[in-house]
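Presented below, as structure tokens, is a lone chain in the form predicted on its own.
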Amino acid sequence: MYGFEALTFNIHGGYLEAIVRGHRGGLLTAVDYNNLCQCETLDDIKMHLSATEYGPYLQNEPSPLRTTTIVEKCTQKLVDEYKHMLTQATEPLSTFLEYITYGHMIDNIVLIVTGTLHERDVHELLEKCHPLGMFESIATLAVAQNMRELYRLVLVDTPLAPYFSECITSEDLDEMNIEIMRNTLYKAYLEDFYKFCKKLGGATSEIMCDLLSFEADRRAVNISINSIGTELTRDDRRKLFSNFGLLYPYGHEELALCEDFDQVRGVMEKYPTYNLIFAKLSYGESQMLDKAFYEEEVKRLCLAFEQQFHYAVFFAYVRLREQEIRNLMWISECVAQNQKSRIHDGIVYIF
């Protein structure tokens, strides 16, 4: 049906696509970031943000401000916009919008379970959870002692239940198993989202499959680098990679064998898209890799807005807004800790 979306798309999706494109116009520009980088205190940042769409969310916050307050209020704006779009959406857009939040649900589950393992207070952990990934029974996660209990007591009623089939074992919840659980869940989630977008067809399928393939490849690289020097076997590492993407299947086979960062780099340089990302890094410089991947992702997300009559703009907008919040958190932390010389190191410019 590719090419004929214009005939029917606006019946159900036209209003929300206009809304999300309007929200995209409110993202901070390079000029805004330059102004924010000149700030001397967090109150200066608040003053500059008061002229943007974040203004109403920060205007009643008393001094002295904290970085967490700025991040919390900016995230609240994204949550309000997302909830408005979700309440207005009809199928299949409403399901698509729900899929966007599953990644946050996984992160919240891992946060609560890890915090419980270290005997942290559940209410304190709940405050740190991302609001887009909340669900009714999340507070009861603390009672689980192993994967099977985690599923049976809590997660069987959540949208993540089907993804748990791959990681339900009797193993106790320790640091290593929790990280394996996170990556197994993400793998199942990305594969399910990929199939759903494929089924939608048209421009949505074309653009979303490209964005999700990039996400799957990035996760494969991160898993390979983070598992170097751990007891994770090559076969176990391979099982955590998603079964799609530019690296699937031959790149995955090679990544599973890598034993240091430069070997990972050698594998990725065979792929022109990723060669350009790794070309920005010096040899052995793995700490700048995240920023290089974020910059590439932002470029792809911005391109999603170049086409019309598709759902990828909703995914792109949420991701771009999340990147903007990460930028604001970095700027605020640098200002609060008097590290202004490093302020440009962590900013990923969107426009």
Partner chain sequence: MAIRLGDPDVPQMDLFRSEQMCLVQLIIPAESAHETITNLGELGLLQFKDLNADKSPFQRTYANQVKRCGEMARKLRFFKDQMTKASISVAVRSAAQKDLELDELEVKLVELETELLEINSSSDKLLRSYSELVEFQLVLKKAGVFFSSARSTASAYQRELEDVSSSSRDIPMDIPLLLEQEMQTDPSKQTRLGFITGLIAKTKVAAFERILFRATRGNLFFKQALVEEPVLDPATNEKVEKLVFVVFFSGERARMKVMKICEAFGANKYPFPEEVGHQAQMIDEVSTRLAELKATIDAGSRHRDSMLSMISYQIEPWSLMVRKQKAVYHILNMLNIDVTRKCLVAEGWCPVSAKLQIQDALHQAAFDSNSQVATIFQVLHTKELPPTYFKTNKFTGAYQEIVDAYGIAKYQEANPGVFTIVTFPFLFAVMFGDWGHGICLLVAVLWLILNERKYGSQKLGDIMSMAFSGRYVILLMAIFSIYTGLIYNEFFSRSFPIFGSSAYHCSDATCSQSSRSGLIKTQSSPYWFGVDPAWHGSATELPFLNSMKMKMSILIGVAQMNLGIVLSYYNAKFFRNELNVWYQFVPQVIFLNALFGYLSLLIIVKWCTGARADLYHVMIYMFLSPTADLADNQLFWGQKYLQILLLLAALVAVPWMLLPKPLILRKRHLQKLQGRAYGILGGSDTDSVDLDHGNDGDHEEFQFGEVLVHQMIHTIEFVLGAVSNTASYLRLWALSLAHSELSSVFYDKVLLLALGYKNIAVTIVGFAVFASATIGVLLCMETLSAFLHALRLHWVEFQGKFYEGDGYKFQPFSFSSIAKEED
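Numbering follows the first chain given and starts at 1. Predicted, not measured: the structure shown is a model, and the values here were computed from it.
Quick note: we don't show the form predicted together with its partner chain, though the next part is all about it.
K.L.:
Would you point out which of 302-310, 53-61, 66-74, 319-327 contains residues with a non-hydrogen atom within 4.5 Å of its partner chain in the predicted bound form?
P.N.:
Looking at the partner contacts, the answer comes out as 53-61.
K.L.:
Counting non-hydrogen atoms within 4.5 angstroms of its partner chain in the predicted bound form, say which of L28, A292, C39, V298 makes the cut.
P.N.:
Comparing distances to its partner chain in the predicted bound form, the residue within 4.5 Å is C39.
K.L.:
Of the residues M134, V156, L246, L257, which one places a heavy atom within 4.5 Å of its partner chain in the predicted bound form?
P.N.:
That would be V156.
K.L.:
Counting only non-hydrogen atoms and a 4.5 angstroms cut-off, does K198 reach its partner chain in the predicted bound form?
P.N.:
Contact with its partner chain, no.
K.L.:
In the predicted bound form, is there a heavy atom of its partner chain that lies within 4.5 Å of any heavy atom of E127, even though the partner is absent here?
P.N.:
E127 lies outside the contact set for its partner chain.
K.L.:
Does M288 reach its partner chain in the predicted bound form, with heavy atoms at most 4.5 Å apart?
P.N.:
No - in the predicted bound form, heavy atoms of M288 and its partner chain never come within 4.5 Å of each other.
K.L.:
May I ask you to check whether A142 falls inside a 4.5 Å heavy atom distance of its partner chain in the predicted bound form?
P.N.:
A142: contacts its partner chain in the predicted bound form.
K.L.:
Answer yes or no: in the predicted bound form, does its partner chain come within 4.5 Å of a heavy atom in every one of D43, H123 and R152?
P.N.:
Yes, because D43, H123 and R152 each have a heavy atom that approaches its partner chain to within 4.5 Å in the predicted bound form.
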